[in-house]
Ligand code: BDR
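Shown here is one chain on its own, the form predicted alone, set out as structure tokens.
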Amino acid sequence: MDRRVIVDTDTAGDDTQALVLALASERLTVEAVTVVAGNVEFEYEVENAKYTLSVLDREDVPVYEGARSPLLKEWDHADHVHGEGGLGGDLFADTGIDSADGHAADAIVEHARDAPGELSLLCIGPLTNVALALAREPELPDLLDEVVVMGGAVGCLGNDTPAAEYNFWVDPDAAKRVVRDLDVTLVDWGLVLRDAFLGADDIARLEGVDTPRADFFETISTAPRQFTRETTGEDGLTLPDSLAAACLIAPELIEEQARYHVDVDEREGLTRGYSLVDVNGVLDEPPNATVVESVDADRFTELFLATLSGESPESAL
């Protein structure tokens, strides 16, 4: 299996590791990286994406710059989680790699038109670029294969506000449009908390692993690991974007998933970015999204650690 993929990202810590998984996969061909406003200042995000490509010796993959702000709303960066610049606070990439010509949304449309039905999207940031691509090409739902989205908080508190997960909170207008118009597979924050927490014992297994990938992970994980200690008292870190990448690479990791009607509250206020998932069918609306409800957490951890050790993700399956 060889799937063509564009990774749409607001490149900070865990985004970089999701990109590492995708680039190292034997099942995916990453055709482009598109950058969207979100985690940290936009210029940092662009350089972080390029730096990640350089770690994998994949500078041939084009990086397209996209939306520098949400469609309509103001937002705050998440430097307090990822560290200044997004790579832990001590690494500030300056690759000298040129960005590709054109806007990220146009790149998504052009790649989809060039290979109808063959291109998948791995969306691990706010969905602004994808919403703009939908506006440019109304036939985009028919042109794409699979769209995996890391976003939302299903049946749990959000990680940005009590009501919302960060990616949906940043641009709820875009999230609403994408969930409405594209048949997405949703990897939400609740799933991450249950099945994608890398604990201290897991991280300790990387001690002595001498690879550029492992060194990179050690650098980017410092700030979010400290944030997790301070906010939860646990030693470790969550891997939301990496879990989304793993679900695209290895769907056999998924143990339970179901179709539901999903919507996003785009209104300003306490519920901005809230992801409504009609689990009980009370709205009598047709299902429009697949929600991943559980994955094999142990196999995911093995897949992640194998990749940092220099193997392909598939080597752990």
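Just count from 1 along the sequence shown to find any residue number. For clarity, every value in this text was computed on a predicted model and none was experimentally measured.
Note that the form predicted in complex with this ligand isn't included here; everything after this is about it.
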Handout entry: Per-stretch contact check against this ligand in the predicted bound form, the hit in 196-204, 87-95, 107-115, 161-169 (non-hydrogen atom, 4.5 angstroms)
Key = 161-169
Fill in the blank from the handout: In this chain shown alone, the residue from Cys247, Leu237, Met150, Ile220 with a heavy atom within 4.5 Å of this ligand in the predicted bound form is Met150
Fill in the blank from the handout: None of Thr34, Ser275, Asn39, Thr52 but one has a heavy atom within 4.5 Å of this ligand in the predicted bound form; the exception is Asn39
Exercise for the section: Answer for Ile124 alone: is it within 4.5 Å of this ligand in the predicted bound form, judged on heavy atom distances? Expected result: yes
Exercise for the section: Taking this ligand as it sits in the predicted bound form, which residues of 7-45 have a non-hydrogen atom within 4.5 Å of it? Please list them. Expected result: Asp10, Asp15, Asn39
